Ligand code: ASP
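Just one chain is shown here, as C-alpha cells, and it is the form predicted alone.
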Amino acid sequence: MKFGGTSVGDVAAFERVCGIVANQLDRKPVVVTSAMTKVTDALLAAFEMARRDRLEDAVASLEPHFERHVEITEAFFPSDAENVFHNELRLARQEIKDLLTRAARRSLPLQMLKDAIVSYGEQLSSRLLAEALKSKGIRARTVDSRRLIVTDDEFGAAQPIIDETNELVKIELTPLIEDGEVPVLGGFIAANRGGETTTLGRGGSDYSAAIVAAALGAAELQIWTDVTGVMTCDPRVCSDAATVPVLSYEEAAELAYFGAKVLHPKTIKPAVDSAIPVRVCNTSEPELTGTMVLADSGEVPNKIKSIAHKSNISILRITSARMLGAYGFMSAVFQVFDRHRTVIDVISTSEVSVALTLDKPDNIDKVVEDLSRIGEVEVEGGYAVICVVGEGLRASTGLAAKIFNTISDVHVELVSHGASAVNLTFVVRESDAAAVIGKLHKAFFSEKVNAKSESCDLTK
C-alpha cells in the first residue's frame, strides 16, 4: 500500500490512512509513504538557498513544515503519553541543519548532499505514520528503506540493483509480516553499496513500492492518491469524466507520457513484470474501486479507454532536398536531439521534410542552430498533443475515421498512428484542445457507451 503526499498531508489525511490500513490488516499489508505534501519541495528549496550562501534563510524556511509534523503528533498522542516522534524530529532538525551547512561550504559533492537532505521528507513521514498507526492499536514498525533498496551511485536518479535488493527485502520484511507486524517504509529513498543515501527520481515512491511488492510476491500493489484512478479524460476539461476500470501496462504508459499524471508506469514496472495487479485508489473515497493496471487489460466495446493531452507544445519542421533518397539524414537529426538531451513526442516524415513536437524545451535555440546545418528549420508554438488510447485501437477498422469525423471542423497539424497498437496521437492548436477533447469524450463516452463498458467485468 503506497500513500502519496496528499494522502499524508494533514491530520485528517493521517486519520484516513490509519483507517484504510486497519481495514486491510487481514491481507498483511506493507506500507510505503511519500513525504507530506510540499515537504520535498521545501527541502529542495532549502538546499538551493544554502548553496547560494543563504544558510539562515534555508534553515528558517523549514520550520513551518516541521510544525506541520508536530500538529499531527499532538492530534494522535495525548499530552501525557510518551511521544517517540518528538525525539526523532529533534534529531532530524539538527541533522538537516548540519547537511545544509555542508552544502553552503560545499564540503561534499552537492548532488550527494541534495539526496541526503531531500530524503528527510520520507524519513519523517514514515516514522510519523508508524507512530500514528501504533496509536490506533496497529502493530506498525518503521523500516528504513535505505537498508532494503540498494542502488548504483547515480545520485538524484539512482537505479536499483535488483538481486541484492530482493534479498534484503525478504530478509528484513518477511519475519515482520509473518509475525503480524505492519512494516512502514519511506518511498523514494535508498542507499548505494557504500551506505550513502540516494533517491530514485520522479515517481520514486511508486517505484519503491513496486520493487518491494515484486520482491515479496505481493497479491496486489495499491497506489493511494487524491483521485479515483485514471480518468477517461482530464476532469478539469470534461466534468463528466469517469474512472477507467482496467488498463494494460502499455495503455497506462501511453497515457502517462501524454499527460495523465496519476501514475508513472515506469515506476510500477517491477510489479507488472511479476504479474502483480496494480490498483490506483482514492484515499478520500476508499470504498471506490479505482483503476486496475494489468499486463493485459482486454478491449472495451468502444475500443477507447481514455483521452490524454499535453499543452504548450512546439512544432519543429526541418526541410531539406538532401533528404530525398538519402540515408543517414534521420540519424543526423536525432543526433542533434541526443546531444542536447531534448525529448521528441510526435514525429511525422515526408520525402523532403520532418515535423516533430517538443514539450517546452529550454534549449530550443541551440537545437535550431545545430539543425540549421542540416536543412531549413521552422519552429512554431501554441499547440497541444491529443492522445487517444485503447487496446486494439490500431486494428479497429473505421475507428480513426470516426475520431476525425467527430472533430472535422478542427485543423489537425500532425498525426501519428500505427507506431503503437494502443494509441492514436495528433496535434491541434492549443486553443482548440478543450473543444476537441470535449467532442471526443461525448462521442465515445456517452452514458450508453459507459453503461456497456462498465458492465464488462474486466477484473476477472
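Since this is a predicted model, take the numbers as computed values, not measurements. Position 1 is the first residue in the sequence shown; the rest follow in order.
Keep in mind that the form predicted in complex with aspartic acid (ASP) is missing from the display, and what follows is about it.
K.L.:
Among 53 to 61, 66 to 74, 421 to 429, 34 to 42, which stretch sits within 4.5 Å of aspartic acid (ASP) in the model of the complex, heavy atoms only?
P.N.:
Going by heavy atoms within 4.5 Å, the stretch is 34 to 42.
K.L.:
With the partner left out here, check for me: in the model of the complex, does some heavy atom of Glu251 sit within 4.5 Å of aspartic acid (ASP)?
P.N.:
Answer no; every heavy atom of Glu251 is more than 4.5 Å from aspartic acid (ASP) in the model of the complex.
K.L.:
According to a 4.5 angstroms non-hydrogen atom cut-off, is Ser205 in contact with aspartic acid (ASP) in the model of the complex?
P.N.:
Taking the distances in the model of the complex, the answer for Ser205 is yes, it comes within 4.5 Å of aspartic acid (ASP).
K.L.:
Pull the contact list for 113 to 127: residues with a heavy atom within 4.5 Å of aspartic acid (ASP) in the model of the complex, in sequence order.
P.N.:
Contacts from 113 to 127: just Glu122.
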